[in-house]
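The chain below stands alone and is given in structure tokens; this is the form predicted alone.
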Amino acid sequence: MATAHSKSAARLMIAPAVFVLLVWMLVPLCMTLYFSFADYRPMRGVFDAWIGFDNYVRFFNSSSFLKALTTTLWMVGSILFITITGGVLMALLLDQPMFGQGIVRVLVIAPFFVMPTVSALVWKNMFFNVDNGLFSYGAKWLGMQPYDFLSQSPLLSIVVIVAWQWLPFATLILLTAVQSLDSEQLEAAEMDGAPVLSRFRFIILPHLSRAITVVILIQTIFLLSIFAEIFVTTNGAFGTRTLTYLVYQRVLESQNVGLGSAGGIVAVILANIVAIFLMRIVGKNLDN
């Protein structure tokens, strides 16, 4: 049993780590909050330490804000739909006995370990390239005109790239959940004559609900900050500018640190609202 002395010693030992973590998180956040109330344009030599909420008003009234917010939500929703649907199917497939099962699982999980910038470059140059991409060669072989994905369907192209990266993560979590399912339930339902779709709907899917909720929560937090794939493929053009990319443009391209900081604070608040909402759903699912 832990004594008061041992508890004090434990708190003392973890104190440095907690202090470093707080400094690491709080200092950038406090500086962003400070600059969001200032007119700070370093390239023009402008610095006014307090202008009130002008940066927030300008950011909200910008015509780019609603477009960026809509693009962000559309992109996150589409990627979640693809990864959850594909992850469930892949998990059910990988749970079946097959030759070389271990190697197949490693290959399926492999894309998750590729850096976002690298995967975006691979898809841009090897698959979506209208002159030398594999899809263009396939279209020519079928007697069709090559399709320029990045200029004609830019949002869909980025969704495909990011979904390809995150599909292994969803598959891994859902495969673990599938393997924990009691096989006797499925065998009893099969002996009672339940068709495959009914077994999936009434036994497998309810069993996967907790894992699906966890996947949605974790992926949403990371997907709200998609940047590298947009920067590499379209550079924010063709309606692919998300909220994160808009903040980047305000800070680095427009050299307006104050306006960009206000956008960053807005993005943090929106991300926390989504996270709290999802955490409540996760909590309810875990309680049931």
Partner chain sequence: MARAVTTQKKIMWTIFAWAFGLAMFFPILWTFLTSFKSEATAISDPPVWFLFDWTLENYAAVQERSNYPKALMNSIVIAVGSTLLGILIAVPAAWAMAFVPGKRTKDVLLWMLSTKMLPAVGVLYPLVLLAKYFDVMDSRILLIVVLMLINLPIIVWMLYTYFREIPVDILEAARMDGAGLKSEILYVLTPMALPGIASTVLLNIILAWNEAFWTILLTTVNAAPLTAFIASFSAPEGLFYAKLSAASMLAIAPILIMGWFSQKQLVRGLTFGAVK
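Residue numbers count along the first chain shown, from 1. Quantities reported herein were computed from a predicted structural model and do not represent experimental measurements.
One more form of this protein exists, namely the form predicted together with the partner chain; it is left out here, but the text below deals with it.
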{"query": "Position in contact with the partner chain when the complex is considered in the model of the complex, options 49, 66, 46, 29, heavy atoms within 4.5 Å", "finding": "29"}
{"query": "The partner chain: the contacting residue among 150, 122, 204, 194 in the model of the complex [heavy atom, 4.5 Å]", "finding": "122"}
{"query": "The partner chain contact in the model of the complex: residue 155, any heavy atom under 4.5 Å", "finding": "no"}
{"query": "Interface membership of residue 167, the partner chain in the model of the complex, 4.5 Å heavy atom rule", "finding": "yes"}
{"query": "Residue 42, heavy atom within 4.5 angstroms of the partner chain in the model of the complex", "finding": "yes"}
{"query": "Residue contact check: residue 227 to the partner chain in the model of the complex, 4.5 Å heavy atom", "finding": "yes"}
{"query": "Any residue of 76-112 that, in the model of the complex, places a heavy atom within 4.5 Å of the partner chain", "finding": "90, 93, 96, 97, 98, 99, 100, 103, 104, 105, 106, 107, 108, 109, 110, 111, 112"}
